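Shown next as structure tokens: one chain only, the form predicted on its own.
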């Protein structure tokens, strides 16, 4: 009877295989995916016994490693991703949340932590990263979350239920601000902002697996930002705030678009953790 490899043996083999396949952070990816396949934590994997795997465990691990080698993102393989301080379900129905979006969360929480009963709308919510995280940290808030994709809305709703904030979230399918008739205190959006021409140069994990519609923002990447800000005066009140994640080279353009639609607003562009323009803060 052929024996199966031990955890340590499979871990080293997985690291070698992922390195050869040019997978990002191969050691971390190997450990995360093996822990997932074994239904344990990464810490338990590293500290656990070195005995052989069961045939079922080996089959699950090899299957997940195959997915990584074929370019599938780690967050889709394991089915979840940490964002800010919450753990979100992730799959191909929506974009994988990125760390730079946490800049938007931090600013929103700083402004609204003590604001009584704010009404918030998150447009293009995807998996619900912004909407669900804000609802988690602002228990006094009601949050409307919209997306053009019904499938993404289903995933966002699952994340709201997972984190026990579904009662304060109102999910709506539609384009940009079309589903919203209320007057808001805070409008947030991480809309697609990649130029059409740049799509072929994105990482294969993105092009092959994440939804293209979550990335492409038109010839200059700003089509959806223009549409949102053109309609935004209808749904925001004086004293409200708009927070937009933007492309690294879009700061001046977004400032101009915002001032065209809100001539008296204060517009500030804030950097992300890498020092790149990432957050447009529009104070109405």
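Residue numbers count along the first chain shown, from 1. These numbers come from a predicted model, not from an experiment.
What comes next is about the form predicted in complex with a small molecule, which is not displayed.
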| item | value |
| --- | --- |
| 4.5 Å heavy atom contact, residue 161 and the small molecule in the model of the complex | no |
| is_contact(residue 103, the small molecule) in the model of the complex, heavy atom dist at most 4.5 Å | no |
| Residue contact check: residue 133 to the small molecule in the model of the complex, 4.5 Å heavy atom | no |
| Residue 129: touches the small molecule in the model of the complex, heavy atom cutoff 4.5 angstroms | yes |
| Candidate from 86, 180, 214, 184 lying within 4.5 Å of the small molecule in the model of the complex - any heavy atom | 214 |
| Residue among 241, 38, 224, 32 with a heavy atom within 4.5 Å of the small molecule in the model of the complex | 224 |
| Proximity to the small molecule in the model of the complex (heavy atom, within 4.5 Å), stretch among 133-141, 148-156, 71-79, 196-204 | 148-156 |
